[in-house]
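Given as structure tokens, the chain that follows is alone and in the form predicted on its own.
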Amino acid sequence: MASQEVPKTCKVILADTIAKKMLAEVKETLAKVQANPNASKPTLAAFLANDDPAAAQYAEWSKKTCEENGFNFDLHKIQKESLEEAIVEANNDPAVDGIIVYYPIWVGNQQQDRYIQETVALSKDVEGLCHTHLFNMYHNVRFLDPPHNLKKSILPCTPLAIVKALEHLQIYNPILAYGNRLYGKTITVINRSEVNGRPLAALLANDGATVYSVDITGVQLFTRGSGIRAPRHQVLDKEGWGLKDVLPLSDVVIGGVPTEKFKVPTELLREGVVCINFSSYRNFDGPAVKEKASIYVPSIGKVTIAVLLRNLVRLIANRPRPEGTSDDAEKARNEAFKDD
């Protein structure tokens, strides 16, 4: 009797699979929020002021996805010296519903980029990078209007995209209470940038995970504290720790290192790990990681764009009730993506 080959256990999940489901939800929610088949298409104004090929590719994908799903995408390729004035103009333009800026702009000068993030109006900050949204995220405050709690705060696109991917992969445990659904999970995030890695570590820790945040400066531990009683994450420096210490402990490993030179050491990964790559480069050795991981997500870009449109619909839903809005449309506005 011929022996049967043992099937490979690694499941490769493409970003497109996750994004399609989210985009269907976005279109459905937008239709309910607008409640008018003749309503104008929402407009996303995008500002590209760098020469980063990854940013240009992201802009192209965003344009394609917007146009396929009933949104206008208005791309401005602009000199960085003119960027602030252009953003202020978009802030004041009633035809613009949301604003995205592609970072980094001033390489090596995060302070100038931070200033631009604060220039975008709160009501049009589709990336969730202005201080109010970031403060809420780090302090685990989910609404802009307590105690009414009808206007959801905006979360940064790539970190939220990874959260949505983890939900799709059923890493989040729906049996547990909302906000604690990563309790018992250990996750390593390799990247601690202010735009992606640090917000992601905070989001995961606020949902109950033990998170090791790894960067060139070392390892930090993000947790909710003993018994997940703390309302927001806590951070502890792990002196002398590195990938060799955290990877063997991790149920999930998330790579976001922006260089083709870096590869996660496959030999340090535990059997059955879930691996997700959100860098524009492959942080994992694909063939090797498939021999070790149970699930591998090689990229997340299309999910990030779906989240971008999701955030745009949420911004529209957060606005004051327009005159003539039906009760059904107002209810839809208040309930838009309420599970986040």
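The first residue of the sequence shown is number 1, and the count goes up from there. The structure presented is a predicted model; accordingly, all values stated were derived computationally and were not measured.
If you look for the form predicted in complex with a small molecule, you will not find it shown, but the lines that follow are about it.
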Q.
Taking the small molecule as it sits in the model of the complex, is I300 near enough to touch it, meaning that at least one heavy atom pair lies within 4.5 angstroms?
A. yes
Q. Contact between F284 and the small molecule in the model of the complex at 4.5 Å, heavy atoms?
A. no
Q: Check whether K152 has any heavy atom within 4.5 Å of a heavy atom of the small molecule in the model of the complex, and answer yes or no.
A: no
Q: Evaluate P258 for contact with the small molecule in the model of the complex, applying a 4.5 angstroms cut-off between non-hydrogen atoms, and reply yes or no.
A: yes
Q.
So the small molecule isn't shown here. In the model of the complex, which residue out of V195, V163, L169, A202 has a non-hydrogen atom within 4.5 Å of it?
A. V195
**Q.** Of W106, W241, F135, F262, the one that lies within 4.5 Å of the small molecule in the model of the complex (heavy atoms)
**A.** F262
Q) Is the small molecule close enough to I187, T210 and E291 in the model of the complex that each of the three has a heavy atom within 4.5 Å of it? A) no
Q.
To test your reading of this chain, name the stretch in 141 to 149, 212 to 220, 264 to 272, 176 to 184 whose heavy atoms come within 4.5 Å of the small molecule in the model of the complex.
A. 212 to 220
